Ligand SMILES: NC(=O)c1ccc[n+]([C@@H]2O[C@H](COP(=O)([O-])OP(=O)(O)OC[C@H]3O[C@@H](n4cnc5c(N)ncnc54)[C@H](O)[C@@H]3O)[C@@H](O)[C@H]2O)c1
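Below, in structure tokens: the form predicted alone, a single chain.
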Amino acid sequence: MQHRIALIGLSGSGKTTVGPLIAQVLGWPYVDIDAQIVAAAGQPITEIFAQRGEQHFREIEAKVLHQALSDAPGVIATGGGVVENTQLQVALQESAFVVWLHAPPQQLGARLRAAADRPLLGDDPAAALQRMAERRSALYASIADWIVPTATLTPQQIADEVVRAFTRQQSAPTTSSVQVTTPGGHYLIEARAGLLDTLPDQLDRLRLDGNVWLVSDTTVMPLHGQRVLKRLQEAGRTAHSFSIPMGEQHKTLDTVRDVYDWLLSSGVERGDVILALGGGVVGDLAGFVAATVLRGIAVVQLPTTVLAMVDSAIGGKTGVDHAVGKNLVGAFHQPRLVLADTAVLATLPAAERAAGWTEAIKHGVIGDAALFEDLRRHAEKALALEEPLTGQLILRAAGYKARVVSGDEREQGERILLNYGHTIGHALEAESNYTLRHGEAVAIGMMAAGTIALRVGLFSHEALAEQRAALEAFRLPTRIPQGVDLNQILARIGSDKKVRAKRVRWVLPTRIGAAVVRSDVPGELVADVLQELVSQ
């Protein structure tokens, strides 16, 4: 059982205000790391920076934090930059329940505009905090056990949420679930074998008492849909089912209209629930239908692919494709539950399983170096679906996305990091008429983005080689197939959702476990990299 809570986050996020409130509730000592640094140095932080420099400050900070983590119990308010020290990341994860207090940099900048004791903020706190957020957000997400979006909460409400989360985790620890907490909904992601059989009990727990509308595709419904319907009927639930054609080419408004017609002609009501049983296409489309029919009804995601389990079923992004590009019509609609039964993965073709692991590798590259290394080392076991390793890796990858989504539900900040490899990947996928699997296209996109990062001086040759080795260990492509029209790829990149003011926002890695967003990549450089990656 943990006896420490460590608060992390940018300057101004409320750590020193909320920390004492949490400590008071728990009856624990409160430790302000900045105050401890001042006491240890015998001078204010501004003077430490002015006279001895940031490096000296960081050395004192590391000593003080290590000491605080060796004392128990306690509530610790850390400095905003501690996550940039790898050793302190490990120490925090091993010794405390880590909570990220997340707030938009613009809000924090306004709060700190007149602060005189923040030497790293300079004359423009909002701009400085935005740069820090781009550099640190993935690091905060990777070590946090819990994330509290603080923008609309009072200090007491934040403290209450931290205490609830800590108490819940300590009193009922679990290794088979993680939590997503966003303004749009709070829900669990569960991952282990046999979960589909628990579905009726799960619906009862969530008080989803209305009729059940199961949406799947023509491949998954015969494999797993009848089992789900049988369990629901045995539990006395009224359940209906509908199969959409399989394949990305059917993730369209025409298919959405077919599902609308089925639901509305069959008497769907606001208190009912849609079950999305399938891979990313089913999850995206059924989620979009749930977000829009009757102005929104509940949806439970039942992912049946590795890709959906670690990525697309999590976070509430729903939608369909348009002729201009992928996922351009959609809505944010958080599920009430994500239930990932890893036993169903055995029915997937080997190539489909391999493609799904791309998203897990992506999570490792942008924010979880330990996950990346474990995936690289255990690729063969993961491809063979060895348990309990497979379930653990899926849950860790899902947990990383859960933490990021909890801090940025609507992709206003660090959630864009999850698009690593997707700018070029989506274009490749569409240009291939979806003959390339999503994960295969994203794997190539990751190599393209990694090469761009190398060319602009962000990523090393060694790190790029490590990424390539991990992808190839999962038998994923790393080069663009012959015959692809590169001019069309460049045109599709220009219509990507991440374009702002006609400038492409590129997610680029800085090392394994960290990434940034850049909008200053020349189009000529992108074209050169694409040409370099064409298969020989």
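The first residue of the sequence shown is number 1, and the count goes up from there. We call the rigid core whatever largest set of C-alpha positions still superposes within 1.5 Å between the two forms. Because the structure is predicted, anything quoted here is derived from the model rather than measured.
Below, we refer to the form predicted in complex with the ligand, which is not included among the displayed structures.
The candidate spot formed by His224, Val281 and Lys326 is fully in contact with the ligand in the predicted bound form: every one of the three has a heavy atom within 4.5 Å. The closest non-hydrogen atom of Asp145 lies beyond 4.5 Å of the ligand in the predicted bound form. Interface membership of Gly457, defined by any non-hydrogen atom within 4.5 Å of the ligand in the predicted bound form, is ruled out. Mapping the unseen interface onto this chain, Thr304 counts among the residues with a heavy atom inside 4.5 Å of the ligand in the predicted bound form.
Pro349 belongs to the set of residues with a heavy atom inside 4.5 Å of the ligand in the predicted bound form. Contact with the ligand, judged by heavy atoms within 4.5 Å in the predicted bound form, is confined among 90-98, 187-195, 376-384, 247-255 to 247-255. Listed residues Ser312, Asn419, Thr390, Ser406 were compared with the ligand in the predicted bound form; Ser312 is the one with a heavy atom within 4.5 Å. Only one of the listed residues (Glu161, Glu440, Asp217, Asp272) places a non-hydrogen atom within 4.5 angstroms of the ligand in the predicted bound form, and that residue is Asp217. Residue displacement note: His426 has its CA displaced by at least 2 Å between this form and the one not shown (rigid core superposed).
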